[in-house]
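There is one chain below, alone, in structure tokens, taken in the form predicted on its own.
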């Protein structure tokens, strides 16, 4: 895979150099990374690119962005060549040595990095660029088999023996192997709810693996869940707040991916995931305390119903979002504490997992 990345980068460079020698305008082409350029096939279970492309041609007005693209490609080649890594933030600071081609703000460098990733049809970790954020935390009935970077020997990490802490998912998970007799994976939105379930060893009672998403899950977290679920044939249940963000950003990104990363969703999403989090009907049935929806929430719901291929495919989600819009409220996971601090362990989760009718696709 490393050789493939370098080969592609050299191929792009040679093509540009050849056009310059021919006194032609060099250009690079990348897929359009947007929700408007994805399609959703329920059988495949993830967002795919729909074919629209954008070209970046070397002109007087585009010379800076064109140069930035080439410099970022060169940086990636050097990192991969030397078996090194760079965070997205470090890549931004490296550009400060690029003279007029330097980036003024990190979002500019991130956008160019994402364009190159889509251009090469690989993930940025394969290009040597790693995220700043960690991948997620794990507790429960799982042994992760990693390798010692010095000796190459296998290391077994027992996630039941982390005390009051948890195992942190590394930035690269492709080399990991797993041992488990758990019955399912429970992915949890908030760190607070994750800590409650860890504190009372819910994983032992339910024979499961607990994974803290910490908001929208990182790529490493999504890939870890996907590999673990596929390898051990484990169902994945997702437990989030009852709000448009939990539905349309956290859960949807985990399950089918995003428009921005449609070129790699096939590997970084979990199509087998099911939603067992707080639904609008739960708010009613459990008489949960709520907060009013904000203008951004109403806008998010409208956008999901109108533009999101995943929501448009699943009528239960359309119904739930319309119900939430009509109710004008949202509810957090922790709202279940109204019925007792450990009501989520004694009643809510056991009832949810048993009653498939309360799930959302």
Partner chain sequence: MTRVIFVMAEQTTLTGNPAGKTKTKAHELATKQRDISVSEFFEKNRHLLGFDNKRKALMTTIKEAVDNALDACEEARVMPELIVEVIEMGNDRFRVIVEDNGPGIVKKQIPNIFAKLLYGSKFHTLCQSRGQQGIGISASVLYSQLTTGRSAKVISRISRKHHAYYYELGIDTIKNKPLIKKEKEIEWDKDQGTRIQLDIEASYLGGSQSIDEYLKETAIANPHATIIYTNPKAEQIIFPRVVDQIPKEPKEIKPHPYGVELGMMMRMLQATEAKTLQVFLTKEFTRVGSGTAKLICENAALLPSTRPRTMKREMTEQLMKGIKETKLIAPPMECISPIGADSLEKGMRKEINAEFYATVTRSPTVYRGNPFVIEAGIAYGGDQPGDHAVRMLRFANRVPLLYQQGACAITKSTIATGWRSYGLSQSRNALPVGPATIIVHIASVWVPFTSESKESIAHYPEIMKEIRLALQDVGRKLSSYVHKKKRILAESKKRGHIETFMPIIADSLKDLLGLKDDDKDKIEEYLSVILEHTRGNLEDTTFDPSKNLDYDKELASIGRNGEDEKSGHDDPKGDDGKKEKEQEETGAGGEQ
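Residue numbers count along the first chain shown, from 1. Just so it is clear, the model here is predicted, and its values are computed rather than measured.
Just so it is clear, the following notes concern the form predicted in complex with the partner chain, a form of the same protein that is not shown.
*Is there a heavy atom of residue 108 lying 4.5 Å or less from a heavy atom of the partner chain in the predicted bound form?*
Residue 108: yes, in contact with the partner chain in the predicted bound form.
* Asked: Can you check whether residue 98 is within 4.5 Å of the partner chain in the predicted bound form, heavy atom basis?
  -> Result yes; residue 98 sits at the interface with the partner chain in the predicted bound form.
Notebook entry, point to check: Heavy atom to heavy atom, is residue 59 within 4.5 Å of the partner chain in the predicted bound form?
Noted result: Close contact exists here: in the predicted bound form, residue 59 approaches the partner chain to within 4.5 Å, heavy atoms only.
Can any non-hydrogen atom of residue 236 be found within 4.5 angstroms of the partner chain in the predicted bound form?
No, residue 236 stays farther than 4.5 Å from the partner chain in the predicted bound form.
ask   = Of these, 248-256, 145-153, 68-76, 83-91, which stretch puts a heavy atom within 4.5 angstroms of the partner chain in the predicted bound form?
value = That would be 68-76.
- request: Within 4.5 Å of the partner chain in the predicted bound form, which residues of 18-48 have a heavy atom? Give them in sequence order, or say none.
  value: Heavy-atom contacts within 4.5 Å come from 20, 21, 23, 24, 25, 26.
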